[in-house]
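One chain follows as structure tokens, the form predicted alone.
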Amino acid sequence: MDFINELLRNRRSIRRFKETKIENEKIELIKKAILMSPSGKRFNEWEFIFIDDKNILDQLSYCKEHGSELLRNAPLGIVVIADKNKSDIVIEDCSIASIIAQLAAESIGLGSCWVQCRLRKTADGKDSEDVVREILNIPDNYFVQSIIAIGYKDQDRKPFEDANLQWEKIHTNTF
């Protein structure tokens, strides 16, 4: 099987990470990969905040009512943001960059999980994007798409199997 299909087969959302620090060389590989992410009209309106400070990751772990607590134990979080004034496709471009970060992590033996911030709320009803903006001093003109939690896997997830794929979702020529 070719590399990309094997990578996609094995990349699963990982929500438990070992305490092992991620080597700088691996972090640099992820940085390079996301900077090569496709962007509409090559506006490259996305930007990335790499966080390895445990106190900040702990604060960010409360940015949503459910699904963000895993940041507390992640060795690395990547906040994916974009200047809303530079393009009308920031959601698409940030989404692409987010999955590129996850695939890059998988390719070097790390696990990851996407923490959605857009259109989400905290337990007390605050807007998740506003909470992240406040914690990280992000200007208001920036859209906050996601936080990608990354680390060495502390759980086993089985790869996707061809027999379990939703083949009925594939159509040819017409619906």
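Note that the coordinates shown come from a computational prediction; the quantities given were computed from them, not determined experimentally. Just count from 1 along the sequence shown to find any residue number.
Missing here is the form predicted in complex with a small molecule; even so, the following discussion is about that form.
- This chain is displayed alone, yet in the model of the complex one of Phe50, Trp114, Tyr62, Phe43 has a heavy atom within 4.5 Å of the small molecule; that residue is Trp114.
- For a residue to qualify, one of its non-hydrogen atoms must sit within 4.5 Å of the small molecule in the model of the complex; all three of Arg15, Gly67 and Leu70 qualify.
- The small molecule is not shown here, and in the model of the complex it never comes within 4.5 Å of any heavy atom of Tyr152.
- Heavy atoms within 4.5 Å of the small molecule in the model of the complex map, among the stretches 34-42, 115-123, 53-61, 133-141, onto 115-123 alone.
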